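Take a look at this single chain in C-alpha cells; it is the form predicted alone.
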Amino acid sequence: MTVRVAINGYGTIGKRVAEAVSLQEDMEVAGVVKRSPTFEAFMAVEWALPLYAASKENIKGFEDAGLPVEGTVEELLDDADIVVDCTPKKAGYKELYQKKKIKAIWQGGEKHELTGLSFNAYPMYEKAYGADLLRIVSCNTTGLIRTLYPLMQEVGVKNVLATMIRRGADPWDSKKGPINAIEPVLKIPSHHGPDVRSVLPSLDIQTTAVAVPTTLMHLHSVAVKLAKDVSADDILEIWDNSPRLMFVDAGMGIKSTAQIMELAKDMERSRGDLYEIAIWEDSVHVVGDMLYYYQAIHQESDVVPENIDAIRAMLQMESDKMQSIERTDRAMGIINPYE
C-alpha cells in the first residue's frame, strides 16, 4: 500500500518531511504548497516535486518567476490521502481540510486544542491509530518525551525539572533572536511542561527556558526524581534500547552543540540534520534518587520522523508502533536499537 501525502508549506519542516516521505517505501509526495516563488519553491521543482500554489491569487507570481504550478492547494487535497500542514501557526486551514474530508497533521507551533490530540510516536501511536486530526509536539517537547517516557515505563518518575537553553533563531533566520543577550522566559512554567503533559498527562514536570544567541541547537538541563533506586548504567541501558536517542561523549571531543552538528555532517546526514536526541553520556549522573543529564535537540529535524509515524497511524498502515518506528528509522538512516 502506497499513500499519497500532501505537504502544505515547504519551509524548514515541510521540505524535510517531503524528503522523509520520499524515502519511505509505502509513501509518496503528492505535491507541496508554497505561497510565493522563493528559492525553496525552485528547489522543489528541481527535486521533481509537484508544486502547488496556496491560492489562485498566488499563481501569477509563480508564472512570472518561470515556475510551473500544478494548481492550488484545494486541487492537491483532492489527489492526496493525508495532508501534513507545515504552514506558519494559525494559518487557518483546518476548515478547508474538514471540508475536503482529508486527515491532517499539524506541527508543534499550534496549540493542543486545535486537534485535541498531540503526538509522539513512542507513547501515542495507538491513540493516533485511525485519527482524523493531530499535532506533532514541538522540537523541545519531542526531546523531553523521548528521554523521559522510557524512564516512566522502566523506572518510574516522581517529578522533573527541566531548563531549556533555547537557540535564538534558526540558522537561516536573520530577522530575529537575541544578538548580544541572554533572554529569560519569564513565564513559569515555560510552555514546554504543559506541552509534555499533552502527551504524558500523569508526568509532574516543571520547565524553565532561556534564549541565547546561537542558531545551532537547543540544550536541555534535566533533573529527574526517580521512583526506584537505579544506577547511571541502568539509565544508559534503558536509553540504549529506546528509539531515536544517541549518546555523545565529551571525552571524544564533543563538548558543545557545534561539535554535535559537525558530527551530523560527518555522518553525511541530509542538510546536516540530526533526528535523534543527543545525550551526553558523561553527563548522566544519579545521586540518591535524583538523575541529572544534558541533552541536545536539533530543532529543524527531530520532529520529522514523528510525522512519518503519524501518517502510518492515522491511515492505519501499520498496527504495531515499533514496526512503524523501525521502518521509518531504517529508511531515514536513524541510529536505532533494533539490531
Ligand code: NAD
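Everything quoted here is computed from the prediction, not taken from an experiment. Start at 1 with the first residue shown and count on from there.
If you look for the form predicted in complex with the ligand, you will not find it shown, but the lines that follow are about it.
- Contact annotation for Asp170: at least one heavy atom lies within 4.5 Å of the ligand in the predicted bound form.
- The shortest heavy atom separation between Lys89 and the ligand in the predicted bound form is within 4.5 Å.
- Put simply, Pro150 is far from the ligand in the predicted bound form: not one heavy atom of it is within 4.5 Å.
- Gly177 falls outside the set of residues with a heavy atom inside 4.5 Å of the ligand in the predicted bound form.
- Contact with the ligand in the predicted bound form, judged as any non-hydrogen atom within 4.5 angstroms, is confined among 292-300, 277-285, 310-318, 63-71 to 292-300.
- If you take 22-39 and check each residue for a heavy atom within 4.5 Å of the ligand in the predicted bound form, you get Val33, Lys34, Arg35, in sequence order.
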